[in-house]
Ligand code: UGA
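Quick setup: one chain, the form predicted on its own, written in structure tokens, and binding and motion questions come after.
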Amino acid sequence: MKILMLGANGFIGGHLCDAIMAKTDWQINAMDLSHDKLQVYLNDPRFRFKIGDITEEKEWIRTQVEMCDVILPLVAIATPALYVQDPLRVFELDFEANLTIIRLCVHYNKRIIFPSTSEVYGMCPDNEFDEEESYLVTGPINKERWIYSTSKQLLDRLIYVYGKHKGLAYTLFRPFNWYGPRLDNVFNPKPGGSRVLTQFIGNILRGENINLVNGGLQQRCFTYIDDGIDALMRMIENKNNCASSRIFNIGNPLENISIRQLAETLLQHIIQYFPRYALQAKQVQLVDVDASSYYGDGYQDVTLRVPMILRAKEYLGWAPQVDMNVGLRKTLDFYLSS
């Protein structure tokens, strides 16, 4: 099998390359702006890499889509602060650039495995989000925060109708707060410059207080990267067409904790397991901040986001295996043990 992976040096892409190269004989043709996470594969004949921007390398991408069997467009801006700070860039990359790739898949009759997001559910009132039944509810136009969610949602809808009316072979997957080693740069000091877990780790390493937007009462279901990659590998293999024309929530509903609880657990883990940083962790205070002062007026938050994973269990034979304590310890080992 020959796989085209765009955004291969990102968090999901890097871990997925590891799994494919270690466990299969599949070939990867890849592109990203850099390859620091992929150095070990650059001389491997099964791994072909090009440094490039998907908005510029259109002819290379067209050729690769024509040549490959499965297309994985993993390029996206997925940092909440940027939804408000640079919404046009989010739309141009997350929607417009990916739409071009989707249309190439239709044209060349190629299978696409597309990263949707838990964000598409927006402010859905359901206690658990069902891929096929839950309403996708977003906020008013003046909340730019929703440009990421609605861009992804419209791509989901287009992929579905291309499948129904044009025969596009597809699988959509919706990650729920995947985390683990190599998630973000913990040394990025800019507030909101990385996702919540690495932002908090960076706060602790710099001896800064942790800002909890709206008190950190929002609840999220955190999913360790190894579990997410396991699900993705099953989708790519697609044994007996188990993933064909399906949408899968990939998350861990048992690990539904508040952002405040995440910060508290993180501090406890560092104090207990990483004595080198224990003094810094003990000095960190949790500070409540208003969302508009932290992200800007265009932000709007979601209180609860829990995935229903019955379809992933039934069709993929998948269920998350790594609990939060184990996953956090492995993540901290990566960032703090060097």
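Remember, it's a predicted structure, so these values are computed and weren't measured experimentally. Numbering starts at 1 and runs along the sequence shown.
Form predicted in complex with the ligand: not shown, discussed below.
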Subject >> Candidate from 155, 105, 204, 259 lying within 4.5 Å of the ligand in the model of the complex - any heavy atom >> reply: 259
**OP:** Taking 4.5 Å between heavy atoms as the contact cutoff, choose which of 238, 211, 134, 100 touches the ligand in the model of the complex.
**Re:** 211
Subject >> Candidate stretches 264 to 272, 170 to 178, 134 to 142, 229 to 237 - the one whose heavy atoms come within 4.5 Å of the ligand in the model of the complex >> reply: 170 to 178
Subject >> residue 224, heavy atom within 4.5 angstroms of the ligand in the model of the complex >> reply: no
Subject >> the ligand contact in the model of the complex: residue 49, any heavy atom under 4.5 Å >> reply: no
**OP:** Indicate whether the ligand has at least one heavy atom within 4.5 Å of a heavy atom of residue 57 in the model of the complex.
**Re:** no
Original post:
Using 4.5 Å between non-hydrogen atoms, is residue 220 touching the ligand in the model of the complex?
Top reply: yes
Subject >> Full three-residue contact with the ligand in the model of the complex, heavy atom 4.5 Å, for 72, 249 and 315 >> reply: no
Original post:
Are there residues in 290 to 317 with a heavy atom within 4.5 Å of the ligand in the model of the complex, and which are they, in order?
Top reply: 294, 295, 299, 301, 305
